[in-house]
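Below you'll find only one chain, the form predicted on its own, shown as structure tokens.
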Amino acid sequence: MRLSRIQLTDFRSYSDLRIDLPPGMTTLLGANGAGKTNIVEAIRYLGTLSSHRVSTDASLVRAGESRGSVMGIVEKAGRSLAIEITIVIGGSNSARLNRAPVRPREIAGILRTVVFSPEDIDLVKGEPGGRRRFLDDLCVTLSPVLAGDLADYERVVRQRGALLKALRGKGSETSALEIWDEKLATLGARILRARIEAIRALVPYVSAAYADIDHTGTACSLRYGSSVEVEAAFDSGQARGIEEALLEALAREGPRERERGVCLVGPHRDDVVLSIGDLPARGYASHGESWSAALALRLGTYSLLTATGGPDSGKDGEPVLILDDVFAELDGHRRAALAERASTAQQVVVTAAVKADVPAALGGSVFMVDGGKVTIDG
């Protein structure tokens, strides 16, 4: 898989930009605020239909405009696919595949990317919401149809939460909640099943990546931490096992939910539990261990997506590896480990403020980013 072109129209700071990307390594050099990360964000958005920086699409459109678009050409399985997404402020986004109109969900996952950025330290040190987003992004990449379930689930949680607030102080009245309980359980079961499958597939790759990065012999592990005991239901293989577990938990927690006016049960309350040795990484890992764990999560994801990239996997299954201003944040040992892995990838896009931040061994093409313009260096 390779992204051979990225074209932006009224996206972030760019009114009109086209970059033809060569195979292998591409470095985008420019001062902070020059617009490097805006290009990275556009590439990721094209693959996932979501930003790793903001939660809403409106801020992706250039100031003063009502819409913006991202177009890319993806070389995949011997074919050239032109995918485009148009972001409309206050309206519905639209998409095209090889110029034919399609639903946006139909282009999700055509381009696979893995982005490693300085903010990824929060995957280890931060709140559960960031880890949930990380896992959901992985699930959507593995199975793009899950994007619809996640969007529908968020709407159900909002509607059910509003109803719970309205029912506060009204005793045991529950009939109005039943339809929302059923919807939450149905959608929540699909999401939980996808998350557990993804975590179990990811574990060996993250463990191996951490062992390569950290030479102390300490192991890194992760597991899914659910607000409802669903692992047994998942392992049983029963079609409705997880759904029934959610419904039972909703019934059990109903009085507390109505008292507080919030949804206390479901995937939106869960976490990814990351451990270094026998201790939880959050709160106990050193700064170096935290960086090693964050790097292992991303490199493990890269290896998993490469292994599941298609019927033949191999090089055609590799996602595009994007390293956004991370080399300057890492010590020498971790820089070398990341550079070694990047040197074997089919396509890598690196951003940096200065050339010295990028290991010389990576080589490749260099583009200068300045004042909304991108020019090839030399």
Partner chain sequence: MYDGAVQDLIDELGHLPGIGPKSAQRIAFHLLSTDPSDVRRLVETIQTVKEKVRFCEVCGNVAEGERCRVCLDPRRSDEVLCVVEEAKDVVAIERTREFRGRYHVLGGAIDPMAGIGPDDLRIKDLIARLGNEAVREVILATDPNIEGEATATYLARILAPLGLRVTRLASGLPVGGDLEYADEVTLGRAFEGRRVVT
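Residue numbers count along the first chain shown, from 1. Everything quoted here is computed from the prediction, not taken from an experiment.
The form predicted in complex with its partner chain is left out here; the points below concern that form.
Answer for residue 208 alone: is it within 4.5 Å of its partner chain in the predicted bound form, judged on heavy atom distances?
-> No, no contact at 4.5 Å.
Hey, in the predicted bound form, does residue 293 get a heavy atom within 4.5 angstroms of its partner chain?
-> Contact check for residue 293: no, nothing within 4.5 Å of its partner chain in the predicted bound form.
Is residue 163 a contact residue for its partner chain in the predicted bound form, using a 4.5 Å heavy atom cut-off?
-> Residue 163: contacts its partner chain in the predicted bound form.
Spell out, yes or no, whether the shortest heavy atom distance between residue 262 and its partner chain in the predicted bound form is within 4.5 Å.
-> Heavy-atom contact with its partner chain at 4.5 Å: absent for residue 262.
In the predicted bound form, segment of 84-92, 97-105, 268-276, 129-137 with a heavy atom within 4.5 Å of its partner chain | Partner-contacting stretch among the options: 97-105.
Non-hydrogen atom within 4.5 Å of its partner chain in the predicted bound form for each of 149, 155 and 182 | Per the other structure, all of 149, 155 and 182 touch its partner chain.
Of 145, 219, 251, 77, which one comes within 4.5 Å of its partner chain in the predicted bound form, counting heavy atoms only?
-> Looking at the other structure, the residue within range turns out to be 145.
If you check 235, 178, 244, 229 against its partner chain in the predicted bound form, which one has a heavy atom within 4.5 Å?
-> Of the candidates 235, 178, 244, 229, 178 is the one lying within 4.5 Å of its partner chain in the predicted bound form.
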